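Have a look below at one chain only, the form predicted on its own, in structure tokens format.
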């Protein structure tokens, strides 16, 4: 089913990783803003508050989705011939989209980790 939505010729496959990162970024900022406004995120650097836990759970979900997208992109890349020389323009386009999807998903995963790491060192409401 996911291959039908994110097929070889769809740009959704290329932008799915950055969309997941964007959604994670939005959820993290909303959770921290609401948590700090209502006093749920007042824990210190070594303490675990509700906001910190919620953002880390959201990060885990985002990373799991990105991992699935990486696997789908890898599968598209191998189906399009992998590292072999493309035989025609269509195969070259499929390969380009698969490699673009792989790179964008990988960068999105790094960005999710980059957004999450400060929670381990800073208080949520600083």
Partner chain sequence: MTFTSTRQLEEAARHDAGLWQLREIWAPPKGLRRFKEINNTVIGELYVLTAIFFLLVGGLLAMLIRAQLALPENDLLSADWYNQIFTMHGTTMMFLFAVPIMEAVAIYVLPQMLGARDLPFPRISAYGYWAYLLGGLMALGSLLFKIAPAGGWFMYVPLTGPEYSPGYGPDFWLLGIGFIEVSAVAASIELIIGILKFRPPGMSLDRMPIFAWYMLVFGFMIMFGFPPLVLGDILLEVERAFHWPFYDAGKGGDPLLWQHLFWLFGHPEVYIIFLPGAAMLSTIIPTFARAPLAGYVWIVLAAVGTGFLSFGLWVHHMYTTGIPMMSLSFFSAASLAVAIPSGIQVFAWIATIWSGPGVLLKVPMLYALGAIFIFVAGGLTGVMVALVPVDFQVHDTYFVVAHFHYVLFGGAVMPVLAALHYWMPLATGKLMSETLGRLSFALIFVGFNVAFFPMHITGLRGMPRRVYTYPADLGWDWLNLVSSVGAYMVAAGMAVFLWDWLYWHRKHGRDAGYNPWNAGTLEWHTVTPSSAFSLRSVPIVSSTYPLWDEPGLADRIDRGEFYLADSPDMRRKTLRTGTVMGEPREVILLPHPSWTPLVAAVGTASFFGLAIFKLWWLCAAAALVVIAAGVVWMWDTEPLPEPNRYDIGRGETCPMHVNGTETHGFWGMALLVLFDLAAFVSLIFSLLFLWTVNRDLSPPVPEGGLGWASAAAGLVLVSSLAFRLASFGNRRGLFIALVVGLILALLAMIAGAGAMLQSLLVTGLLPTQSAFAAVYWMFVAWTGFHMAISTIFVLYMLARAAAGKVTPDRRQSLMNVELFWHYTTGVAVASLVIVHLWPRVI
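Everything quoted here is computed from the prediction, not taken from an experiment. Residue numbers count along the first chain shown, from 1.
Below: the form predicted in complex with the partner chain, not depicted.
- Between the partner chain and the residues 63, 54, 70, 36, the one pair within 4.5 Å by heavy atoms in the model of the complex involves 36.
- Within 4.5 Å of any heavy atom of the partner chain in the model of the complex lies no heavy atom of residue 75.
- When the partner chain is considered in the model of the complex, residue 100 lines it closely, a heavy atom lying within 4.5 Å.
- Although the partner is absent here, residue 58 is not a contact residue: none of its heavy atoms lies within 4.5 angstroms of the partner chain in the model of the complex.
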